[in-house]
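Next comes just one chain, in structure tokens: the form predicted on its own.
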Amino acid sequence: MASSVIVIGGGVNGLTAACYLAKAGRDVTLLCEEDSIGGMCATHEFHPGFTSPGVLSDTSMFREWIVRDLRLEEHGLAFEGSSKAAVLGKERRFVLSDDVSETAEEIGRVSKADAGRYREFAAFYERIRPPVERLLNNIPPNIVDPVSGDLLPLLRYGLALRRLGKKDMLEVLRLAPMTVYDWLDEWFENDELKAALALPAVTESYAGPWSPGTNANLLIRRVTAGRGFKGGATALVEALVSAAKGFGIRFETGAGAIAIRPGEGVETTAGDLLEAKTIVASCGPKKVFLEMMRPHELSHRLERRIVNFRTRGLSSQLLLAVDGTISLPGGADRAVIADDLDAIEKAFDPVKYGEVSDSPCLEIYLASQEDPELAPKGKGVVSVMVHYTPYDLRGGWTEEAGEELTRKVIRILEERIPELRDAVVGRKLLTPKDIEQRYGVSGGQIYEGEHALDQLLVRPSPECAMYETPFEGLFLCSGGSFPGGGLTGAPGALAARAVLNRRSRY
């Protein structure tokens, strides 16, 4: 059966793109290799009776305008009242939330000076939010060839920055190339606070806090983060699937794409050719061009650029099945363990030599607190993202290497959350290699491309930076496209917009 559009991949971006296209009247078929929908949010049982929430769980950056456009609240999606993350220092603990006043009060318990500075810090990002959001929520301007492209978007962004006033405009221009270490050191004195703010800016960048350009990631996170969803990523996927069915999208699960034939359709694992003039791929760019396209179809330049698009995975996931419930300060469902900026840098250093630090940095998520169906009643699931762990571990990710890493992580967890010591009844480690195999992401890179400064605006390559590719009717919409990875929905929505902008051809 022919469709006007085939969307490859059933993750959040694929579902988002499919919904927008179907809403616009396109006949859409969504291909998903797995039987379950969700991509990196797809659940799976890792211990009898205990279910993983997936490797991506933070829904706070999913765009609220997408929720409105697709009317996802009518499909059961509801915003959380407030998101909270506990900072588990060796001696001091406090809670960060999306409420500035509450967070400032918490910080005031460890540093009065930092409490006031945090209010200024949050106010600064709020002032610069409009122009930065405008950039991140639209198809990127053609900065590669602005002469032949449309200069108007570039002029609008420049004007929006100018309206901030000279001081804030110069500060925005200054901060993006900075190291996140220097930027946070200018603002705060408390080590744990600086580390907690910095960690999300560096973990998927193959970088430490001392690396130039890492502050751009903090900028993106601060201006795009909002409210998460009740029920977490599982609830987001369920709402998108419900909306997709309402738009009449056909689902082909258990029938992934093995080859893309631009202008013709997609060959599936079942041996069929599904015909479509337009193909929107939500799998990563390396998978699209280096695995699904015939080698002779790629120009040497495009092939070289895609090969050099950096996808070095740095994170492992340790899933814990626990007997009873685990609690965090302030009722938080997330926590960070990173004592200071130097500790993050020291955790990153061994990765360059294919090794793992004795003190990895941890992001902890009490998954079953947000979604009780993940565990039997009275029990729980804890997901721990372990930073940094190299994809190419020296000596390989053997069973012994995995056990050694697990022991390191458990030791740190038991020091900071003593109630875990006797509660763990099952565990499962996913290394970057395992993440690559389970979720089909190159290099085990959960953002499908490192968030380095040179890979953010022109992403994944100049030919494909605006979602359209050099191949007739082929578009990209994964986290490997602008504005990057994570549960944002933005690449899917903007890629759909790019398709509809070419409606005369596709």
Partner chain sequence: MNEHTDKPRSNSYDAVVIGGGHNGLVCAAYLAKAGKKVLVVERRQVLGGAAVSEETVKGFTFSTFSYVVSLFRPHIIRELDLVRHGLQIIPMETTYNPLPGDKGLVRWADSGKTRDEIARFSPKDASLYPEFGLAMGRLSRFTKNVIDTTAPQPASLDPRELMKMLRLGRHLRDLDPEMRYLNLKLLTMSAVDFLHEWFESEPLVPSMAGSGIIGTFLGIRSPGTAYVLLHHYMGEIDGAFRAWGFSKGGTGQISIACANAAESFGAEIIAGAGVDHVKIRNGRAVGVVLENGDEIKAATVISSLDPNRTFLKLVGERELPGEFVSNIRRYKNRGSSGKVNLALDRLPSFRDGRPGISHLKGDITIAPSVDYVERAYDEAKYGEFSKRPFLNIVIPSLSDPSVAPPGKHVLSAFVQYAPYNIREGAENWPEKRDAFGDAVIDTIEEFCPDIRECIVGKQVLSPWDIEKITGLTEGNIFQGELSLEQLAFLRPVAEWSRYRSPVRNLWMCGSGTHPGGGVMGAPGELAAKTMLGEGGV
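Since the structure is predicted, the reported quantities are computational estimates derived from the model, not experimental observations. Numbering follows the first chain given and starts at 1.
Beyond the structure shown, there is the form predicted together with its partner chain, which is absent from this document and is the topic of what follows.
S.K.: Though only this chain appears here, would M178 touch its partner chain in the predicted bound form if you measure heavy atom gaps against 4.5 Å?
M.R.: M178 belongs to the contact set for its partner chain.
S.K.: Considering only heavy atoms, tell me if S461 and its partner chain come within 4.5 Å of each other in the predicted bound form.
M.R.: Although its partner chain is absent here, S461 would touch it in the predicted bound form, with heavy atoms inside 4.5 Å.
S.K.: Should E345 be counted as a contact of its partner chain in the predicted bound form, where contact means heavy atoms within 4.5 Å?
M.R.: Contact with its partner chain, yes.
S.K.: Does its partner chain come within 4.5 Å of any heavy atom of P329 in the predicted bound form?
M.R.: Contact check for P329: no, nothing within 4.5 Å of its partner chain in the predicted bound form.
S.K.: Heavy atoms within 4.5 Å of its partner chain in the predicted bound form: which of the stretches 375-383, 222-230, 347-355, 401-409 has them?
M.R.: Going by heavy atoms within 4.5 Å, the stretch is 347-355.
S.K.: Give a yes or no on whether every one of R162, R304 and D454 sits within 4.5 angstroms of its partner chain in the predicted bound form by heavy atom.
M.R.: The answer is yes: all three residues contact the partner (heavy atom, 4.5 Å cut-off).
S.K.: Of the options R394, R127, R92, K112, which one has a non-hydrogen atom that comes within 4.5 Å of its partner chain in the predicted bound form?
M.R.: Checking each option against its partner chain in the predicted bound form, the one that comes within 4.5 Å is R394.
S.K.: Of the options R312, H75, R427, R261, which one has a non-hydrogen atom that comes within 4.5 Å of its partner chain in the predicted bound form?
M.R.: Checked against the cut-off, the match is R312.
S.K.: Select from 161-190 the residues with a non-hydrogen atom within 4.5 Å of its partner chain in the predicted bound form and write them out in sequence order.
M.R.: Going through 161-190 in order - heavy atoms within 4.5 Å of its partner chain in the predicted bound form - the hits are R162, K166, K167, M169, L170, E171, L173, R174, P177, M178, D182, E186.
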